[in-house]
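A single chain, nothing else alongside it, follows as structure tokens in the form predicted alone.
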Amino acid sequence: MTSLGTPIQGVTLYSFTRAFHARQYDLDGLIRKLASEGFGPGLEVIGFSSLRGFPDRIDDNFVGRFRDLVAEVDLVPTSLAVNVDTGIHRDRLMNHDELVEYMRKQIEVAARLGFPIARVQISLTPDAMESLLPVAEKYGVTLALEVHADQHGAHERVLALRDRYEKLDSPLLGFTADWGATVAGFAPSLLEAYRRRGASEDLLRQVVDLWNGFYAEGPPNTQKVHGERFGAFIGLAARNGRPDLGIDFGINGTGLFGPAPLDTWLEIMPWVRHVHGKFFGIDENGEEPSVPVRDLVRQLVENGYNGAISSEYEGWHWNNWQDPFDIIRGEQAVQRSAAANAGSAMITDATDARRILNSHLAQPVRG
């Protein structure tokens, strides 16, 4: 019988991108703010958006100051989000050797900064992940590929990666489960943002109806189906005289609000090394109206998950009228309540978090 999991409470700096870009906080100030708010102990950082000069100009002086700051405020580095930018050349994609070196430099920085996990992205193929395993072994960093809408735990690309992981049998290869793949409804705050951009109530009703129809059909298991759904949102906007909203509808309707059932996570649960607690807002009842946070936390607890959950507030893209710190505070309260209702607890003590996270990442995968 699987012992109940004790997920580690945490947050990603990505949740506060609007405040960071507005220069309300610098990196040190934002980290201190998160610690003082009790949003940790887990801390996730986004390499290219948070660290100036990443990865080539991260010198030893910066590394020392960063590690000293994290120790001072008693946070626990969980994941450094790194990018797979295969298309950075104007005229071609990276070749295999270039990709491995591009990733190696970022993974090395993760190790130097004290992050045990590097979040990598879905554009890495099974062959690429196998090629990066020696890099992960060299630096002692777990590579956790993010499963993000439009993909999900039962998507063909994800299952191909899972099968390769099973063959390679290394605890250093796994997944980051992003809750945006298993959304239960269109975010009310985004509908309000469209309303403020002049979208009619009839158009918004049609958008919600279209998404609900896709939810009823089930998640896209191929890129072809995803493309068809993206196009349906563009066509809907054009037919209603708002072609300017078409791409926005498509990106959000398919790339942020994934309609997969919760049980699709079970396909890859033994390989889940990190979790993005993706959500979009908290309503007047103190609940997340579009992401089934309580069910997702219960699922992790019941499946023995002892890694971190980085609260990832993505409503900042459109919500400029609410305080993200208040919203994170509310969502983490839901997580703690859900863990308690499942017979467990979120880990909020840094010492316990370090011990539990180290054990979680060292465990062999049992599929």
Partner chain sequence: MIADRIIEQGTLTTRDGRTAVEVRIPWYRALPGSCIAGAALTVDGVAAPEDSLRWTMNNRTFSFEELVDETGEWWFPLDSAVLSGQLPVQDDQAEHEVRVDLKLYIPYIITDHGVLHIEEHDTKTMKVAQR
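Numbering follows the first chain given and starts at 1. Computed from a predicted structure; not experimentally measured.
Form predicted in complex with the partner chain: not shown, discussed below.
Novice: Which of 88, 266, 238, 160 has a heavy atom within 4.5 Å of the partner chain in the model of the complex?
Specialist: Contact residue from the list: 88.
Novice: Would you mind picking the one in 194, 139, 102, 215 that has a heavy atom within 4.5 Å of the partner chain in the model of the complex?
Specialist: If I apply the 4.5 Å criterion carefully, the residue I get is 102.
Novice: Under a 4.5 Å heavy atom criterion, is residue 322 part of the interface with the partner chain in the model of the complex?
Specialist: Residue 322: no, not in contact with the partner chain in the model of the complex.
Novice: Although the partner isn't part of this model, could you tell me whether residue 36 comes within 4.5 Å of the partner chain in the model of the complex, counting any heavy atom of the residue?
Specialist: Result no; residue 36 lies far from the partner chain in the model of the complex.
Novice: Against the partner chain in the model of the complex, would residue 341 count as a contact residue? Criterion: heavy atoms within 4.5 Å.
Specialist: Because no heavy atom of residue 341 falls inside 4.5 Å of the partner chain in the model of the complex, the answer is no.
Novice: Applying a 4.5 Å heavy atom distance criterion, does residue 168 contact the partner chain in the model of the complex?
Specialist: Contact check for residue 168: no, nothing within 4.5 Å of the partner chain in the model of the complex.
Novice: Each of 43, 294 and 328 having a non-hydrogen atom within 4.5 Å of the partner chain in the model of the complex: is that the case here?
Specialist: Checked in the model of the complex: no contact with the partner chain for any of the three.
Novice: Please pick out the stretch from 312 to 320, 62 to 70, 296 to 304, 331 to 339 that is in contact with the partner chain in the model of the complex, where contact means heavy atoms within 4.5 Å.
Specialist: Heavy-atom contact with the partner occurs in 312 to 320.
Novice: What residues, if any, in 20 to 54 have a non-hydrogen atom within 4.5 angstroms of the partner chain in the model of the complex?
Specialist: Sequence-ordered list: 20, 21, 22, 23, 46, 48, 49, 50, 51, 52.
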